[in-house]
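Single chain ahead, by itself, as structure tokens, in the form predicted alone.
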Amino acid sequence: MTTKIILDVDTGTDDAVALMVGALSPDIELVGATTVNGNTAVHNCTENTLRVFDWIGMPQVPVHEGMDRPMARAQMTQLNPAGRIHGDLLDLPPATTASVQPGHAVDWLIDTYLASAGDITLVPVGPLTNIAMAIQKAPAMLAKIPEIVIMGGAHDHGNSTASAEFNIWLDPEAARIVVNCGRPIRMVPLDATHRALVSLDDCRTLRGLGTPGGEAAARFVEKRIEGYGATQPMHRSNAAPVHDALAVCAVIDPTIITTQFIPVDVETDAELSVGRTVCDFRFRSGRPANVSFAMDADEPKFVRMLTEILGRTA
């Protein structure tokens, strides 16, 4: 039985791998992709998404462009080391067959969920602007979302500031709306993604698959390894996280991450910690648990899943 998902992406290198996993996995039905400002400007995110679907031979997947700025804040991408890890446009040919669909992503999300049978998992792996805007515009859609699987957040350390992960930090007001929306939420934060690294050796294996997905993933992960080595080295050399793909793999196989069900909120006001995901592991706030927060991941299983899925063709 396949799981229907919508991927909300700010397509850079790890989003691209997530899109390929979602599109090529036999266990996933990718209903569509929505794009949001984040790793680069939203029009670049859209073009990158179309490039991915063209490259793997799936130009029919609907793509809708969404919000081009955070809900309430000035653009803050200048602190993101995205240029070293993503760049503006992916190293793939320009899209020629896939094309962006008419209609704003927020409206498409609302219409799609309201018309659904309540069976489409929402997987946002960029800033949560589109999702929060849709919730605010049409709260009735919430009843139709069975689960939200978020790539974002951090407990131990941030990557945009000392305490904040980029997706949450870029639009903390949106993130706060989403994590408090009352629907089942799994959060795949840096604490988990940094435990599931992909290495240069793994890239050689992916390229050796001889498939479009394997070649593109190897290309993107190699760029990530170079960028992480220069800006935020991991606990071992020649390896990097592929955050967003881990979130999609967690939809396919929930055992790939280890979660704790705890109260989580997002800091929106503090000078030093805006965008921090505040995790109440000891239940000191008196608030009920609202997020299954991942603190660990199964790296061998993750790499194995990437290899198996990206070895497929459309």
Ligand code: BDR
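The numbering used is simple: start at 1 and walk along the sequence shown. Keep in mind that this is a model prediction, so the values were computed, not measured.
Although not depicted, the form predicted in complex with the ligand is the subject of the following passage.
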property: The ligand contact at T211 in the predicted bound form, heavy atom, 4.5 Å; result: no
property: F220: touches the ligand in the predicted bound form, heavy atom cutoff 4.5 angstroms; result: no
property: Any non-hydrogen atom of L170 within 4.5 angstroms of the ligand in the predicted bound form; result: no
property: Heavy atom of N39 within 4.5 Å of the ligand in the predicted bound form; result: yes
property: In the predicted bound form, the one of V179, A134, V125, L122 near the ligand [non-hydrogen atom within 4.5 angstroms]; result: V125
property: Selected contact from A174, M151, A240, L109, since only one has a non-hydrogen atom within 4.5 angstroms of the ligand in the predicted bound form; result: M151
property: Stretch from 201-209, 159-167, 112-120, 99-107 whose residues place a heavy atom within 4.5 Å of the ligand in the predicted bound form; result: 159-167
property: Within 196-221, the residues that have a heavy atom no more than 4.5 Å from the ligand in the predicted bound form; result: none
